[in-house]
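Alright, two takes on the same chain below, each alone as C-alpha cells: structure 1 and structure 2.
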Structure 1
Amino acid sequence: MAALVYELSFLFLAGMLALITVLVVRRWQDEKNRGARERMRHRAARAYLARIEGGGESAAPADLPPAAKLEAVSHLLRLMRGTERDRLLALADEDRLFDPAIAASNSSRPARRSEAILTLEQFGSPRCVQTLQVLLANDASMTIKLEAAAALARLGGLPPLRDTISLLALEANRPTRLHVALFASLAATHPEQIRQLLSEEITPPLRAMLIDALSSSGDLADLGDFERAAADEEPEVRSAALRAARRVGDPRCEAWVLPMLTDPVDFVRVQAAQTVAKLGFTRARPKLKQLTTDESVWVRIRAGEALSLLPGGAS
C-alpha cells in the first residue's frame, strides 16, 4: 500500500514538473516571438513613415508579414492627424492590408461579419468605409446593417438620414433603443436633416424616435418641434415630447406640459407627472392631487411621487 502511495506521488510530481516545464518553454517562446514582432512592427512603421515623407520605398518591404504592417499602421494612426493620416490610410489600402476584414465582411457567419465591422471601423480607410456602406445597403441581417450604420456614423460616412432610414427599414419596423441611440449620436451633427424629416409624413414610431434623438442634443432651437409633437394625435409621439422636455429642462415647456396631465391616455399622463416633477413645475400641484385618485394605478403612483418631489413635498 505504501509503495502504491509513493508511486502515485512520484507520478504526480513528475506530471507537475512536466507541466511547469511546458509553461516555462511556452513563456520563453512567447517572449522571443514578442520581441521579433516588435522588431518587425518598428521596421514596418519606419518604412511607412519614409513613404509618407516621400523618400522611402514605393512599396512596403515584401518580407514583412501583413500582421506586422497592420500593427504598425494601427500604432501610427494614433499619432497622426490631417493629411499625414489620410496618406497613411491610402498606403494601407494600396498594400491591401484590410483585405482579410473585407473578405470576412462577406462571410456567411454573422459573427464574422460583426468582427469585420469592428476592424473596418478601427481603420476607417476609404475602402473600409466603402465596405461598411455595402454592408448597410445589402446585408441580409438587420443587426449587421445597424452595426454597419453605427460604425459609419462614427466615421462620418453615413448616407443622408432619409436613405439611412430606408436602408434600415424603419418605415416598416418599430425602432429599437439601438436605433434611437444611433440617431441621437447624429443629432448634434445633422439636426437640420432630423428637423426636415419631422416636417414630413412619417410613421408615429419613427416620429417619436426622431423627437427622442433631437432632444439628446439639448439645442433649445428645437423647442418648437417638441411643442408640436406634444399636440400630435399619436400618444407615443406625445410621450416622446414629454421625454424631450425633461432632457432639455427649459421652463418654457411648462405652457404645454401642464395640459398633458389631463391627456386621455394613461401612459402619457404618467410621463407628464414625471416631467412636471423633474422640471419643478409647482403649478402642477392641484392637478397632481387630482391624479392621485386616477383610474390608472400607475398614474396614481407617479402623481404621488411627483407631489413628493416638488418643492414643499406632498402637502
Structure 2
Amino acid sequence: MAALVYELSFLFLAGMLALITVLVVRRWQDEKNRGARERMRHRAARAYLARIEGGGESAAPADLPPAAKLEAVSHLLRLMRGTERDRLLALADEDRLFDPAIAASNSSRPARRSEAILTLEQFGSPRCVQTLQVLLANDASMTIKLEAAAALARLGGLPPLRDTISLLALEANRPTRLHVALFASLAATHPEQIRQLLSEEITPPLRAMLIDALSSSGDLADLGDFERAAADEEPEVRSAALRAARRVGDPRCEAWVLPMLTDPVDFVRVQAAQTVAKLGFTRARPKLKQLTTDESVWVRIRAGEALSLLPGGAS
C-alpha cells in the first residue's frame, strides 16, 4: 500500500517537473528568439511598404515566415487608410496571406473562429466577406454570429436587415450594446433599410435600438421618425426618441420634446430634462422648476442640472 502511494506521488512529481521544464524552456527559447522575430516583422513591414510604391514589380520576400508577414501586414492595415491601404490590401490578396484565417473559421474552437473573424475583417477581400457571411448564417455560437455581423457591417457585406435581425435572433432577445454598435454602423451606410423596418411591426426593444442607431448618423431627414417614436406607447421607445433628438440637435423638435417633461414614466422625464438642457430650450424652465420636486430622485437631479445648464444660469 505504502509503495503504491509512494509510486503515485513520484509519478505526480515527475509529471510536474516535466511540465515546469517544458514551460520554462519554451519561455527561454521564446526570449532568445524575440529579437529575431521582431527583426523579421520589421523586415516584412519594410518589404511591403516598399512594394506599395514599387507598383508590384517586386515579389513577396520568400524567406520570411507567413506568420511574420501576416502580422506585419495586418498591423499596417490597422494603421493606414486611403490609396496606400488599398494597394497593401491588393498585395495581401495576391500573396494569399489570409488563407490560414479562412481555414480557422472552420475550427471547432470558438476562440479560434473569433480570432479568424478579426483577421478576415481586416483584410475584407471578397473571399473574406464570403467566409464571414457563412459564419453569420451557420455558426452555432450567437457571440460568433454577432462578431461576424459586426465585421460584415463595417465591410458593407451584411445581408438585408430583416435577415440579419432574424439570424441574430433579435426578435426574441434583448439587444446588447454590441448590437447597438452594429446597427449604428449600418445606419451610417444604409439608413433607408432601417427607416423601412421602423414602419413595420417590430418589438419595442428593437424599435428603440433602431431609433438609437438611426440618430447616431445624425441625419435630419429622420426627424419625422423620431417624432412618431416620441408618441409610442412604450416608454423605452419614447426615451430613444429623446436621445435621438439630443444627438441630432435640431431645434424644430422643441414642440414634441417639451411636453415629454411631464411624461408619466420617470426615466422618460430624465431623458427629456437632459434633452432640453442640451438643446437649450429655455422655454422649458418653468416645467423644469416643477421637476426639481419630482418624486424620482433622478428626475430631480437631471432637472437641477438642466436648469444650471440652460442659458440664464441657475435661478
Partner chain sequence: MAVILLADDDDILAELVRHHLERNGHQMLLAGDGEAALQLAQEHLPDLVILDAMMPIQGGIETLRLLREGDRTAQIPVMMLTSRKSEDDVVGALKLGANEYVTKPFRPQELAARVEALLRFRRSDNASS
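Whichever C-alpha set is largest while still superposing within 1.5 Å between the two forms counts as the rigid core. One-based numbering along structure 1's sequence throughout. All values reported here derive from a predicted model rather than from experimental measurement.
> Have a look at both and say which one is the form predicted on its own.
Looking at both, the form predicted on its own is number 1.
> So that I can tell if residue 98 moves, could you say whether its C-alpha shifts by at least 2 Å between structure 1 and structure 2 after the core superposition?
Yes, residue 98 moves 2 Å or more.
> After superposing the rigid core, is the C-alpha displacement of residue 159 2 Å or more between structure 1 and structure 2?
No, residue 159 moves less than 2 Å.
> Would you pull out the angle in degrees that the smaller rigid body rotates by relative to the larger one between structure 1 and structure 2?
Here the smaller part turns by 36 degrees.
> Core overlaid, residue 49 C-alpha shift between structure 1 and structure 2, how many Å?
The shift comes out to 14.6 Å.
> So, with the core fitted, how far does residue 124 move at its Cα between structure 1 and structure 2, in angstrom?
Its C-alpha position differs by 2.5 Å.
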